[in-house]
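The form predicted alone is given below as one chain in structure tokens.
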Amino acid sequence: MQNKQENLTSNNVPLHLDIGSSTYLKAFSNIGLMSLNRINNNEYFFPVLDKNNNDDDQNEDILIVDFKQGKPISFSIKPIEIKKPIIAIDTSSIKIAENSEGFIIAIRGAIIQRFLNKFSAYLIGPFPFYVCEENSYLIYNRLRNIFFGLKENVNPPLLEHISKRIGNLFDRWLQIYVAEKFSDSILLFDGSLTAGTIDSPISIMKNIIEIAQKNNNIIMAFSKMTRLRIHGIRITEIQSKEPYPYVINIDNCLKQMKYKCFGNIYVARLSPFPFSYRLDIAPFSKDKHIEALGILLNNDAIIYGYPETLLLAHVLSTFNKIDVIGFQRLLASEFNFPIYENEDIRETLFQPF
């Protein structure tokens, strides 16, 4: 349950962060551990090999309405030889065991720094939680209060979605942390800068942007999946006549949005491979965005059109099967509850055929 620092190569520099002593992180960890204490010793669990909840499909995009009021504007991007740190963060959440009342979930985050072609990585977690119908209201609202200072309680998400939603809260808090901790850097986030949802209140997103601006950081949020469409076409299918790498600004095409987006929205194609991404950039002006993209190309490798530093943050925060099995065994040992293999109802029904 402790954070740790990992070097990716022998040519790395240490990344010194005080996140381990953060009162917010200690409170987050304590709430998770206290939730495990409500498990009775005579209860038993079945293992869950669930997929990680770190996809960045923007569900809120579907409510954006676009009209034929403007045209996308393309910008060609050229590398700019300015040295600047690249900081990427990502988080992951996963269900690892279940009983008749709820789930044990795990949350983990990663902060990656790349500067002068040297990497450092900082892993935070994993943090376990036991969530059931009886405690989900308390846990979810306590976390909103601790991380964001929000006093108003809200209904918790369905249990099936609770791991992703707690992961989202942790992700936003990590974004606040790196915006405060680093300066004169490019911050890479997974997802978008959309605000107004329960997990991303406008006041919190505004705070992240203002802190970044105060520290002269620029935020780039990459979405691999989006439902944003212009004239019925998914925005990532839009192409430019500009030679790659390029970005297409689509702000002029958006008229009505239920949710607020902090920053400008682009479609980014940064490599010859046919992969484009939604890219939200903030704060500052579009001119500075284009310049920052040139600096990004000079300081980070681009893998299939995606920044390598953000790719590493994703990989290191994601739970693989060995992580899950090891964590299941650790929790069963530490908290003295058995985990039994469950019968697979699909195999039982269909294996004879």
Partner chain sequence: MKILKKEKNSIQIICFPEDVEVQKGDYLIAEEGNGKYALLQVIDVNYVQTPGILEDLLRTMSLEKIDTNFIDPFDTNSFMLLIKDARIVSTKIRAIAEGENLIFGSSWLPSRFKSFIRKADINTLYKLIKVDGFRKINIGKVSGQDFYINAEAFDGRLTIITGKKETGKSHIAKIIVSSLVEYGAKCIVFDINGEYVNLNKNKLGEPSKLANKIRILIPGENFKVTIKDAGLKVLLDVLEYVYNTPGTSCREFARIWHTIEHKKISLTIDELIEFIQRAPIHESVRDALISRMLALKSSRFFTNNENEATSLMDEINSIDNGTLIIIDMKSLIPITRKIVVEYILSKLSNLLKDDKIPPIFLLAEEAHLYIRNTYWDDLVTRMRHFGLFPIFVTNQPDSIPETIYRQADNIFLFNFTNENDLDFISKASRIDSESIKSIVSQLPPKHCFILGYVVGDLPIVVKVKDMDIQTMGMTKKFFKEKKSILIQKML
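Keep in mind it's a predicted model, so treat the numbers as computed, not measured. Numbering follows the first chain given and starts at 1.
Note that the form predicted together with its partner chain isn't included here; everything after this is about it.
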At 4.5 Å between heavy atoms, is residue 121 in contact with its partner chain in the predicted bound form? yes
Counting only non-hydrogen atoms and a 4.5 angstroms cut-off, does residue 108 reach its partner chain in the predicted bound form? yes
Indicate whether its partner chain has at least one heavy atom within 4.5 Å of a heavy atom of residue 335 in the predicted bound form. yes
Might residue 308 be said to contact its partner chain in the predicted bound form, defining contact as any heavy atom within 4.5 Å? no
In terms of non-hydrogen atoms within 4.5 angstroms, which of the given stretches 203-211, 71-79, 140-148, 121-129 touches its partner chain in the predicted bound form? 121-129
Students should find that, of 315, 48, 301, 27, the residue having a non-hydrogen atom no more than 4.5 angstroms from its partner chain in the predicted bound form is 315
Within 18-37, the residues having any heavy atom within 4.5 Å of its partner chain in the predicted bound form are 19, 20, 25, 29, 33
